[in-house]
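In structure tokens, one chain follows: the form predicted on its own.
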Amino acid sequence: MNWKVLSIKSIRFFKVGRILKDKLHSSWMFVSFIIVLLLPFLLGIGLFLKSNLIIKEESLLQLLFSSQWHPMKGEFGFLPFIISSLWVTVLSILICGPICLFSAIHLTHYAKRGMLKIMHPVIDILAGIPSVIYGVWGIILIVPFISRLGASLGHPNSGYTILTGAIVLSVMIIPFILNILIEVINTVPQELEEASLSLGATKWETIKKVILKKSFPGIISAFGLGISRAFGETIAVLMVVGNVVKIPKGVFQPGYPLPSLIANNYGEMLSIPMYDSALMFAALILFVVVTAFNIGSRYLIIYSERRI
């Protein structure tokens, strides 16, 4: 009888210990979740507090829509930097978007299975190359090419232009978007493709009407993440875009994106409070734009999922 009571007590002891251990692990996971949830808010609050000095001194409209950038005179107009960032980002997506989408379709539905196994390491290598290497590559190859191209089209330039930055940036984000697109298209059930083919549809009609339609929310997500990555890229674009404080009126003109402004000036301007605050405001603009774009992408994903 004593042995029976002892065994029951031992079982209860181990059961209580397992429950406490499970609650402890649940608590750690909940704390980690809260930290991840709070990080964007902490980043936004920190950037706002650091840029509060210039926000108090200048009106928001003046900061965002003025093209006058003379920090030593107290003039901080961010419009040239915002326009340059939009130019480079939109052009890079227009260049790499069709390449990524058609490559993903080819690798998942036309190429042999062995080709996809070969391409995965290649994509990973491209994604892992440091951005400064892409910048050096852009200086060696893309800058002379754009200079000659612009001269032949009647737009002489030094080669350090918006188009150069967009080409280099598009090459940088191709592996990032392509990897996601391959995974998204592969998640479409094989049965849907077989059902479409059995009804007499051609392979391209099946891809266009079934595969792409079913994976459309994931495609939006892939390009949304790609745009967010492109908008904040710094070193490679800084090396080839020209860094001239002027609103670009064409792709063969130099630009000066917001990340390049921060990277070029932050270290040496810490001793000037207003300049430091202006650079923090540039970072705040980047944060707000990327956040707004991600929210918009999420809304499009939800809307498209409901329609599908």
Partner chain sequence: MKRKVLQKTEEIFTRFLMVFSTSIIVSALLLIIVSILYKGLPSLSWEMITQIPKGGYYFGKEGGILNAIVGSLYLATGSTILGLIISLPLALYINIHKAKNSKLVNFIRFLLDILWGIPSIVYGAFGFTVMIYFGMRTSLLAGIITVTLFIIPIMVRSMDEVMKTVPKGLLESALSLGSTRSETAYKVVFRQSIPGIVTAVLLAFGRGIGDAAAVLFTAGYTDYIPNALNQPAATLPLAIFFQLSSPIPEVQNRAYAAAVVLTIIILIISVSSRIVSNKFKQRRIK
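Numbering follows the first chain given and starts at 1. Heads up, when I say rigid core I mean the largest set of C-alphas that superpose within 1.5 Å between the two forms. Computed from a prediction, not measured in an experiment: that's the story for all the values here.
Not pictured, yet referred to below: the form predicted in complex with its partner chain.
**Student:** Considering 151, 86, 192, 119, which brings a non-hydrogen atom within 4.5 Å of its partner chain in the predicted bound form?
**Tutor:** If I apply the 4.5 Å criterion carefully, the residue I get is 119.
**Student:** Considering non-hydrogen atoms and a 4.5 Å limit, which listed residue (76, 81, 134, 223) is close to its partner chain in the predicted bound form?
**Tutor:** Looking at the other structure, the residue within range turns out to be 134.
**Student:** Name the stretch, out of 184 to 192, 215 to 223, 231 to 239, 86 to 94, where some heavy atom lies within 4.5 Å of its partner chain in the predicted bound form.
**Tutor:** Within 4.5 Å of the partner lies stretch 231 to 239.
**Student:** Contact between residue 72 and its partner chain in the predicted bound form at 4.5 Å, heavy atoms?
**Tutor:** No.
**Student:** Answer for residue 246 alone: is it within 4.5 Å of its partner chain in the predicted bound form, judged on heavy atom distances?
**Tutor:** No, no contact at 4.5 Å.
**Student:** In the predicted bound form, is there a heavy atom of its partner chain that lies within 4.5 Å of any heavy atom of residue 53, even though the partner is absent here?
**Tutor:** No.
**Student:** Using a 4.5 angstroms cut-off on non-hydrogen atoms, would residue 211 count as touching its partner chain in the predicted bound form?
**Tutor:** Residue-level check for residue 211: no, no contact with its partner chain.
**Student:** Would you mind checking 39 to 62 for residues with a heavy atom within 4.5 Å of its partner chain in the predicted bound form?
**Tutor:** Residues within 4.5 Å: 39, 40, 42, 43, 46, 47, 50.
**Student:** After a core superposition, would you say residue 36 shifts its C-alpha by at least 2 Å between this form and the one not shown?
**Tutor:** After core superposition, the displacement of the residue 36 C-alpha between this form and the one not shown reaches the 2 Å mark, so yes.
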